[in-house]
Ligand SMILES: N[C@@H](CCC(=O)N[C@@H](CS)C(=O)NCC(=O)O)C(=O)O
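Just the one chain here, the form predicted on its own, laid out as structure tokens.
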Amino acid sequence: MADLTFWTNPMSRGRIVRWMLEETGAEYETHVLGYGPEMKSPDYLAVNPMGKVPAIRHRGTVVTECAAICAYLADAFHEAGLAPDPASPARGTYYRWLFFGAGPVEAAVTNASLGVKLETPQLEGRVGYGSMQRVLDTLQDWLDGREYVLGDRFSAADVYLGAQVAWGLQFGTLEERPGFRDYAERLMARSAAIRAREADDALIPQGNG
């Protein structure tokens, strides 16, 4: 058994984890699962009872959920420099924006794509993100004048949040805002991001099988 195993489908959020894995430089074994029976097989449900990808197993520990996997890998392969030192004040900023992507951005974009409308301030108060407008304004204000979430330092927070921004712009689920396009293009031009895309694109026929 490999020290690091990755379960994915090339047309899933597993693309985020593939990018993160490439950023770490770690060696890993990939298992591609098709949607449907393969993801609901007893063998895979023993890994992730949700029956969805991605998931990783590292030295016997299973981690699911993209943001959690990114945070885990940044710490497990700390030599790659993808997270601030735990004692650094920047660690709080890193966590803040990593989980801003996993929480408010993900929820707001999903609800908008499903046509969910919050008609009153009372309803906005019942969801964690408040409103799409608030999410976009907050993200735009933070990225303004910054190369990365942590300023001039790339981190795992950029992998997760950057993937959300890039996909949102690509599929029209995220409004164009000043700085969003430049941020996404800067991240997608990284060599690890290019390797990850090429690897996943080559596996699309297998994932559809």
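Sequential numbering from 1, following the sequence displayed. The model shown is predicted, which means the values in this text are computed figures rather than measured ones.
The same protein also exists as the form predicted together with the ligand; that form is not shown, yet it is the one meant from here on.
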property: Among 148-156, 22-30, 44-52, 176-184, the region lying within 4.5 Å of the ligand in the model of the complex by heavy atom distance; result: 44-52
property: Close approach of M39 to the ligand in the model of the complex, 4.5 Å, heavy atom; result: yes
property: Partner contact for R197 in the model of the complex: the ligand, 4.5 angstroms, heavy atom; result: no
property: Close approach of R13 to the ligand in the model of the complex, 4.5 Å, heavy atom; result: yes
property: 4.5 Å heavy atom contact, C66 to the ligand in the model of the complex; result: yes
